[in-house]
Structure formats: structure tokens, C-alpha cells
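The chain below stands alone, shown as C-alpha cells; this is the form predicted alone.
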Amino acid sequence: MEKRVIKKDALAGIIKKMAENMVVYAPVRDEDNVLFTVLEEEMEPLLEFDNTKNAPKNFFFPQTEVMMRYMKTERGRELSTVEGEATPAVLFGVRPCDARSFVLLDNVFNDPKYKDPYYIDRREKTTIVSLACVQPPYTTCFCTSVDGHPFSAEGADVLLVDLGDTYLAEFVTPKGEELLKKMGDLPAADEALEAKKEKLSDAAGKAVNGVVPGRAIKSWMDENFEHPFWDTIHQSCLACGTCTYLCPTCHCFDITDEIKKEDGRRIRSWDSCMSWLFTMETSGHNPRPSQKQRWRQRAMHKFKYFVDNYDAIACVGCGRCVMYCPVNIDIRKIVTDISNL
């Protein structure tokens, strides 16, 4: 693995130069929010920020995408799939929790049995540059409780670590090493910088405030699908879907057909298990008619079903669902309460 040094005052220029020749997504300031967006000529990429409001999953799993187009002709309907439209890109400034979410989503969209060509095409053509959290940004962060870490390189092609006046750049994958060729002649990192990085990594891991028994509750969930506890957690829920839309790993979707005269298209759009309509069947039957059942599904999917299928918790501990829930439902409290039953 290549390890190089980038001067702090040079990094923004390197990223902007890269954006002249390829698509670069980067965090930028948008009023009171920090959002990932395509880096335009007049924009400055943020290098110091807590985390973005929007999880970067939408670059691989868009909020809305056309999967197929079709046209009515004299011979019937002619279909054409929409594949291979992604262009090579760099996704810059991803926090380790969000970079790790891509690995979890790979289990769903790039499963050996079921492969999503739209997702895979974007993943293969995008290089991910992650920024380690030298200081965990929020009190709502709990990545270390769900198998993550503020300095984790999992899911990243390049990991940048802020060492003060420089960045230590670790080029983790072959895609990362290819990006190194576009970043100019960078000096190699010495042992002193690597030792400093390890010291900062240890401190960052200990600084994560949120500590919950993420793995420990599965055995309880295995045996308690009808437990009275499930009657308690949903009572204030508005079913707004904020937790699912902001979550880096939620991947529920709906597929609809839109037709205008002879032209039609099939569209995939984000959906939410918090919605009553999500499980409504054509017959009129709904297997999850109450918010209790929908909230149980959300918790069970994160901490049981996904673990059963992939031996991984479907949560990266970013804390967005805690921060932005309008009625202050806290997944950390739910997990902790279960562990105490």
C-alpha cells in the first residue's frame, strides 16, 4: 500500500484540478448544511467539516433512476435497458462510517446470486477518497459499537488522515493507486508520520461517545418477535421516513411505470419501510398494518436479519437518524433497552 504526504494547503487545489478532467463529488457548504454535490469550477471543496447531511449512497443508489425505456410500435412494445451510463468519478471527503456503508450495500446489490447492473456500474467507475475522523464530530456518533472505527479504511480506495499541517494519504486499493497518478509527485510518508497516525487513531476510537451493544442483542431478537417491548418504541413515530432516507444503508425501493403516449419508462425510487403503503399488497392486505410492526421490522432488519444473511450489522453508527428524527426516537436507546431486558 502506497503512503504519501499531502500539504494541507495543497489538497483543495489538487481536488479542483482533478475536477477539470473528470467528475468529482465533494462536500460543499449549502447555507447551514454540508452536502455532497458535483464540484463545479467556482466551488470550494470542504476539508474541515463534521459530516454531510445527505449520506453519499445516492451516488450508487440514486433517489430516482430510469431502469428501462420502452416504446409502443406496430409490433408491440420495444424495450431498451439503461445500463453503462455512469462515467468515471471521484467521491471525495467521505467519512469512514459512510465509506463502510458501501461495503454493506455491496452485499445487497452485488450478491453472488442477485446482481444490480446499475449499482455495480457506478461502484466500479467511482474512486472513493475517505477522510478519517481525527475527532468524532457528534455526540450521536457510535461507529465503534457497530464494527466501525473513525480511522477505518473499509470501503475506501484512499484514506486521508489530518496530521496538522499535512495529510497522510494511504492508497488502499488499485483504484486508489491509479488516482495517485493524477495527484502529482507526492513525497512518501515516513515512520514518524505513521506513528502519529496510529496515536491519533487510538485517541479517536476512545473519543466516540456512543457505546451500545450492537452485536449482543441479536440473540434476544432471535427469540422475542412478539415481546411486549415492541409495543413501546413506535408510539411517537410520525412515519415520516426521515430515518430511512438519511440512513447510509437503507435500501428499500419502489418500481413504477410512467407512460406518455407511445413512450414509457420504468423508474426505481427510494421507498421506506416506515410507510404504510410500502407493504400494501394489490389484494388490499397489508402484512405490517401498524407502526409497531414497521418499527420492529426496521430494528430487526438492522440488527438481526442482515446479520443472519451477511454477518454484518446494517448500521454504521453515523447518528443521522438520531440527529434528525423530529420526535427524538433514538436507535441507541432502543438497542440499549433491549440489552437490558
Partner chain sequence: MQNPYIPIPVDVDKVITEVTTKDIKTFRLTFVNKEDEERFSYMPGQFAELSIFGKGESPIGIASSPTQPGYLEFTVQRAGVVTSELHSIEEGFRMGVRGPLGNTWPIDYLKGKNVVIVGGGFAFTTLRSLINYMIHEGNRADFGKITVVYGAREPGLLIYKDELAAWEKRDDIDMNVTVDKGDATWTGREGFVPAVCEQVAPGSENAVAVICGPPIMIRFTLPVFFNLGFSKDNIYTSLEMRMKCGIGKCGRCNVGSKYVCKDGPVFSLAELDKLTKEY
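In this text the structure is predicted, and so the values were computed from the model without any measurement. Positions refer to the first chain, counted from 1.
The discussion below concerns the form predicted in complex with the partner chain, not included here.
- Of the heavy atoms in residue 308, some are within 4.5 Å of the partner chain in the predicted complex.
- Of the heavy atoms in residue 213, none are within 4.5 Å of the partner chain in the predicted complex.
- Interface membership of residue 75, defined by any non-hydrogen atom within 4.5 Å of the partner chain in the predicted complex, is confirmed.
- Proximity of residue 111 to the partner chain in the predicted complex: non-hydrogen atoms within 4.5 Å are present.
- Though the partner chain is absent from this view, in the predicted complex it lies within 4.5 Å of a heavy atom of just one residue from 252, 86, 183, 189, which is 252.
- Between the partner chain and the residues 149, 175, 266, 197, the one pair within 4.5 Å by heavy atoms in the predicted complex involves 266.
- Residues placing heavy atoms within 4.5 Å of the partner chain in the predicted complex fall in a single listed stretch, namely 117-125, out of 198-206, 96-104, 117-125, 157-165.
- Contacts to the partner chain in the predicted complex (heavy atom within 4.5 Å) from stretch 19-37: none.
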